[in-house]
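Just the one chain here, laid out as structure tokens, in the form predicted alone.
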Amino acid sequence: MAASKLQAFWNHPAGPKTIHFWAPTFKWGISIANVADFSKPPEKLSYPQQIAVACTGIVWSRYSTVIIPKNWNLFSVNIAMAGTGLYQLSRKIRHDYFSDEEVAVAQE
């Protein structure tokens, strides 16, 4: 049974014998790098970079569900990209627009 599942995976139209498998697999590197940047101070984050990561994740997540064959590896990596990009944007926005108010309230 395991051999037949492995063979089905190997021969799938989006399996490891195609670019449809390897491109999203290597794209995980972007999401992993973004997770590694969670420890980076928010002032060092870039709005254009994080907007690009988040928008790419959102757009390609949708695309990966309408193409044939459905590419769940592409879908999952883009959900991760959208999530990490939106989280990093929220950190940057909170730091740039809300942290000064909190400091002022704390000093009163």
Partner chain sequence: MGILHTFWNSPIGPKTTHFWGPVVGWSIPIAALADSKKPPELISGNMTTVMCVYSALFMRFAYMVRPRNYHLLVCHVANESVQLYQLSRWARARGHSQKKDEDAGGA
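Numbering follows the first chain given and starts at 1. Since we're looking at a predicted model, the values are computed, not measured.
Keep in mind that the form predicted together with the partner chain is missing from the display, and what follows is about it.
**Student:** Can you work out whether residue 63 and the partner chain are in contact in the model of the complex, taking contact to mean some heavy atom pair no more than 4.5 Å apart?
**Tutor:** Yes, residue 63 sits close enough to the partner chain in the model of the complex that at least one of its heavy atoms falls within 4.5 Å.
**Student:** Is there a heavy atom of residue 56 lying 4.5 Å or less from a heavy atom of the partner chain in the model of the complex?
**Tutor:** Contact with the partner chain, yes.
**Student:** Taking the shortest heavy atom distance, is residue 20 within 4.5 Å of the partner chain in the model of the complex?
**Tutor:** Flag for residue 20 set to yes.
**Student:** With the cut-off set at 4.5 Å between non-hydrogen atoms, does residue 76 touch the partner chain in the model of the complex?
**Tutor:** No, residue 76 stays farther than 4.5 Å from the partner chain in the model of the complex.
**Student:** If the criterion is a non-hydrogen atom within 4.5 angstroms, does every one of 83, 86 and 96 touch the partner chain in the model of the complex?
**Tutor:** No, the candidate spot makes no contact with the partner chain.
**Student:** Enumerate the residues of 18-33 that have a non-hydrogen atom within 4.5 Å of the partner chain in the model of the complex, in sequence order, or give none.
**Tutor:** Result: 19, 20, 22, 23, 24, 26, 27, 29, 30, 33.
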